[in-house]
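Before any questions on binding or motion, here is one chain by itself as structure tokens, the form predicted on its own.
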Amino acid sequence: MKQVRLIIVGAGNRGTVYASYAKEHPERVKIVGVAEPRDFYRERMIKEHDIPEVSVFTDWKDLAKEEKFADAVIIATRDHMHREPAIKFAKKGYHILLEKPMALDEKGCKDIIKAVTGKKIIFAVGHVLRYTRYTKKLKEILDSGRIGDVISLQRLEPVGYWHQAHSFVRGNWRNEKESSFMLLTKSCHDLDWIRHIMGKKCKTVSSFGSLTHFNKENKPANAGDNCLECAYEPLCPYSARKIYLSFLKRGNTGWPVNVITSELTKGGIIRAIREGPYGRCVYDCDNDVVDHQVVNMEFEGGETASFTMTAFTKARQRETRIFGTKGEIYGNGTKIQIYEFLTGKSEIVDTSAKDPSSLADHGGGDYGLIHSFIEAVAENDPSKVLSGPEETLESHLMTFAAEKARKEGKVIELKH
């Protein structure tokens, strides 16, 4: 397999994760350029991958003005910045791995698909859940007909109480105007996964949900504005002090700790809680995205699926129940429990593995995605990509339709 020359646009968490594949497989990938406005993250990428100064940019627009000097580009900027670079780099003939979501509205998504369609480029979107060992095995079992025809599916996204507070109350995805609605930023993964598992187009959707708990009406009387200056803090499960220092105590200085500060010490964390946005009272932020939502879907042929996203859980892997004409399946992201009606027998298939890779997150999905993308580029074989343009656009349109259904209180019919 030839070595792929790769550019990273956006050197934050996701860009860094994908780039780490080059450190594990230098014979397959070489990081040859980076565009990142933040000094710390840009310099870290330069140092880790020995990127020459001539190929370092603070703005992706300046990079895009250069003559094409790599095979592919990973676009891992903030969500609202996906559309423009995706279109620009497609026009220049770069193969593209675009972090999800593609764009923040239907038009943006369609504009990207239009730009990549007809070009002789590989295009993949960061729906890593399609690439996990668990999903691949589950799909294999379903395709074998072991539980017959799939009639209905239930999916739970247990966001987790502290994850909701970190990302969707205090963090980057808390406010729809600054990022987008919750279903798109957090759970377009899940609607895409459901579409992949069902293997059919979605016909209609309905949805319900709201911001119920994380608002001023629920702020305790003795609560302060910052977790370090709050009488209620010892009793609050959403305490920033409790959340971030507990990670440090367990020796975890990666996500989410490295999101709030680059000074990965107790003092650095305390300083970030006191001075930054991640120490704010969860009942007194500018968040407006939902903290719980359900989506109901009907597919071609009459099959149905339901999806629940909720903050109010222990953070854990997603859980799924699949009901077929000959059996049913329960899965939790690593284990698949199969029950067959005819024999009454159960079997547990364990897809967990101790993966030493730095891309082991999402059940190996991070590794599976970047490996498939690099392989597709090296061999010029789009079939290696499981999250290509057409079906990815379809699952994004499902997500936009579901949010419209929630806001308007309607059942929305999707047009294909």
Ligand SMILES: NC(=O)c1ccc[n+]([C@@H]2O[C@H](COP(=O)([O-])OP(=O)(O)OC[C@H]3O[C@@H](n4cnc5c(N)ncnc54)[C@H](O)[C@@H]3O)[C@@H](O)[C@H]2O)c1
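Since the model is a prediction, treat every value here as computed from it, not as a measurement. Residue indices: 1-based, along the sequence shown.
Note that the form predicted in complex with the ligand isn't included here; everything after this is about it.
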* Structure fact -> Residue within 4.5 Å of the ligand in the predicted complex by heavy atom, from Arg155, His95, His82, His166, is His82
* Option touching the ligand, based on a heavy atom within 4.5 Å in the predicted complex, out of His213, His189, Arg241, Arg280 -> His189
* To do: Report yes if any heavy atom of Gly331 sits within 4.5 Å of a heavy atom of the ligand in the predicted complex; otherwise report no.
  => no
* Any non-hydrogen atom of Pro382 within 4.5 angstroms of the ligand in the predicted complex -> no
* Counting only non-hydrogen atoms and a 4.5 angstroms cut-off, does Leu386 reach the ligand in the predicted complex? -> no
* **Touches the ligand in the predicted complex: Trp60 (any heavy atom, 4.5 Å)** => yes
* Asked: Which of 286-294, 71-79, 321-329, 270-278 has heavy atoms within 4.5 Å of the ligand in the predicted complex?
  -> 71-79
* Structure fact -> Those residues of 112-132 with a non-hydrogen atom no more than 4.5 Å from the ligand in the predicted complex are Gly126, Val128
